[in-house]
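Just one chain follows, in the form predicted alone, and it is written as structure tokens.
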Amino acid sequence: MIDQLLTQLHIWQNKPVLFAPGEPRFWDDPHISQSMLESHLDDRHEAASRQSQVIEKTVQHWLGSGLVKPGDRLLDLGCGPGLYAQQLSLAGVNVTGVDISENSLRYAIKRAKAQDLDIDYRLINFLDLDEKESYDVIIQVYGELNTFSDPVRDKLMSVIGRALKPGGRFIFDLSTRHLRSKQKTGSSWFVEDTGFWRPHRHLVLEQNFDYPQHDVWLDQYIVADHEDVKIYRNWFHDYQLDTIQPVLSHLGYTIQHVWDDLAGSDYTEDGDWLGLVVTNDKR
């Protein structure tokens, strides 16, 4: 085990190439998926989802501004445990939520049934969606679009454009380099008897890499236990308004609204987040 660990650490200690993959489909792991769900639901922090008061403020902004209306068909991409979907459904919006985590969807379905909400939850990779002009609004929150390489981002934007009705709106947010500048590159390690990654004793080596020429950041986790060594990578491609605007234009989208967050805070050039509403030109 020690020889394997040292070999893997030697390979992984160097800066990876952009968007090099880590452990695939780790959200299917029974323990990690439960840890993710617990993180989504923990209102003490925003490690996986925004806090409940922020979600409520955001949904009320959408409804109050008319961006989302009762009776609209809305698609929540990466809906997780349904934190936005539930509130929107309570407001009379016809919600479809898609996610790749069976554990999170199981919780979302249970909560919808308890509240007698008719939400259509689907276990599917949203890149595999094949719907045409079906939704008035599509949402994707908490910077999920940041996590994709350019080709995957463009593929998803094509899926979204096809699924939107003419005049439909895509509402999403993006992290900026201002947020990333608050983080520091480096590495640290710790041993836990139980934790996010494993239910038993394990070693975690955290590494952070910056790719400033590409506006990309990597959070990397090497996890070793008595069985094996695995690597998990979270990639983030950050944007500013002047870097996302040409991307959207090239893909056939027009920006309708820009804020510092999806709750409608006034736009500033040095915000940590961009909140955007775009429409597809249907070219």
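No experiment lies behind these values; they were computed from the predicted model shown. One rule holds for the numbers: they count along the sequence shown, beginning at 1.
This protein has a second form, the form predicted in complex with a small molecule, left out of what is shown; the following refers to that one.
Checked against the small molecule in the predicted bound form, the candidates W197, Y121, Y142, Y107 yield a single residue with a heavy atom inside 4.5 Å, and that residue is Y142. Though the small molecule is absent from this view, in the predicted bound form it lies within 4.5 Å of a heavy atom of just one residue from Y135, F209, F172, F126, which is F126. Stretch 81-89 is the answer when you ask which of 164-172, 177-185, 200-208, 81-89 has residues with heavy atoms within 4.5 Å of the small molecule in the predicted bound form. By the criterion of a heavy atom within 4.5 Å, W27 is counted among the residues contacting the small molecule in the predicted bound form. Proximity of A48 to the small molecule in the predicted bound form falls within the 4.5 Å heavy atom cutoff. When contacts are judged by a 4.5 Å heavy atom cut-off, T96 does not count as touching the small molecule in the predicted bound form. Taking the partner from the other structure, the small molecule in the predicted bound form has no heavy atom within 4.5 Å of any heavy atom of N146.
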